[in-house]
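In the form predicted on its own, a lone chain appears below as structure tokens.
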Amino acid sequence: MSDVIVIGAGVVGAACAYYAAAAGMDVTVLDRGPVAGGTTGAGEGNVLVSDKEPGPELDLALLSNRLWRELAGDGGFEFEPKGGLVVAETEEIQRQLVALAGKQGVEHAVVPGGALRDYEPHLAADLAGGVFYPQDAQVQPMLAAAQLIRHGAESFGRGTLRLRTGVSVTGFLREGDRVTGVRTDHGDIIGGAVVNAAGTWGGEIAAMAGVELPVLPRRGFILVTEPLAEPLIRHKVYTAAYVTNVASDSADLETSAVVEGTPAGSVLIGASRERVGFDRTTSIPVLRRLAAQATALFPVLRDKRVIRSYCGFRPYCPDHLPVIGEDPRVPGLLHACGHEGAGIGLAPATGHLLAQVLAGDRTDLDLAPFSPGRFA
């Protein structure tokens, strides 16, 4: 028997398991595939505060940013505190960016158009300005999930962490209304509490418990260039349209230029968003649009080769807030899903706060805005 069963070995589930083990709990992590085999493995590794509107999600992002930096002190996460540069094509958009940064109240620097190349020498010359956010960072997402599980299994003398991959959850065990474990294709597993960290499939897991969570897949593509001989891009760079697209409710295709380098030398190019179910079909028109937007922002990329593309499914919630906390409809069931494209950045705070809930402690942030009960 485990104190906690975590469904999902993506970065959010890994963080929940890590912090629960750190608090002295015995944890079992289940996944039907490998570690980071779902949305986490298709992510860019963003750890952002720059794209958050003032409010609960920004508070969550700031807490998570601090926790990522603490975790990175142990090494092995490929954590890059490189900062983010949001750029504006027009003076009006620049005014909007500056106004948003002022409302956010986070560390930032307003960058006039003439100073943009001090940050990024290869940027296009016709941009109106931008805002630089030094707290923005990047991690290697698959490595981060694996390291959280490894550190949770090896580093604590109090709790324990066990990982079981290739195990599909098929239902829940109950005593009365309370969840007391899970049914799987490898037998029943008893636990004091169950955490639904199934990402895009979080709604399906919730449905097995008889509750509704409106978590929907939102597909996105990423282009990967050949490794470059010298780094061309110093920060995470994106246009103001990215902020708008993140907050959009549209099911239609939306794209915005997002460009950043990696330690391996490749450049990652995004970002697209569309709700098409779990359709993985490669869309050549979308890839062309992403390439065109990236080369308009960085003309130097025009003679670089793209060697591959991939897609993933962001776990989208209609109000753009993740679901974090105990489900008031099902005692013993907690949720940690629905983070859309911010799951990697928000994972440590999510795991930290859920561990506080499981331990019966007061949480560092008010979880009411993230309550699963808001969809009842």
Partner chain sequence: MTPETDYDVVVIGGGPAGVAGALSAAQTGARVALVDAGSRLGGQYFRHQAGGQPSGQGADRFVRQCRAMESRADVLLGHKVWAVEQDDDGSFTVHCVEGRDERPVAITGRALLIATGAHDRPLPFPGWDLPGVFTAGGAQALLKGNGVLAGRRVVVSGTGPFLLPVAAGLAGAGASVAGVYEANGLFGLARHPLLAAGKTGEAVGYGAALARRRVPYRTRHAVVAAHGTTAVTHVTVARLDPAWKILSTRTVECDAVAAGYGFVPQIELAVQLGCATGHSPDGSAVVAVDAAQRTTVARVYAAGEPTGVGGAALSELEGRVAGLTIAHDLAFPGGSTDHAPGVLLRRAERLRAFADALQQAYPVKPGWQDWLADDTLICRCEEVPMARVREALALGATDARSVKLLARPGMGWCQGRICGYAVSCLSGEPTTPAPRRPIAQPITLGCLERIEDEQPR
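Residue numbers count along the first chain shown, from 1. Predicted model, so just to flag it, every value in this text is computed and none were measured.
Absent from the display: the form predicted in complex with the partner chain. The rest refers to it.
With the partner chain omitted here, the record of contacts in the predicted complex names 303-311 of 346-354, 57-65, 303-311, 331-339, defined by a heavy atom within 4.5 Å. Exactly one listed residue, out of L143, I93, L173, L232, brings a non-hydrogen atom to within 4.5 Å of the partner chain in the predicted complex: L143. When the partner chain is considered in the predicted complex, only one residue from K82, R150, H122, R183 comes within 4.5 Å through any heavy atom, namely R150. Within 4.5 Å of some heavy atom of the partner chain in the predicted complex lies at least one heavy atom of P285. For G210, no non-hydrogen atom is located within 4.5 Å of the partner chain in the predicted complex, even though that partner is not displayed. Although the partner is absent from this view, A240 stays clear of the partner chain in the predicted complex, with no non-hydrogen atom inside 4.5 angstroms. A291 belongs to the set of residues with a heavy atom inside 4.5 Å of the partner chain in the predicted complex.
Counting a residue when any of its non-hydrogen atoms is within 4.5 Å of the partner chain in the predicted complex, the hits in 215-230 run L223, T225, E226, P227.
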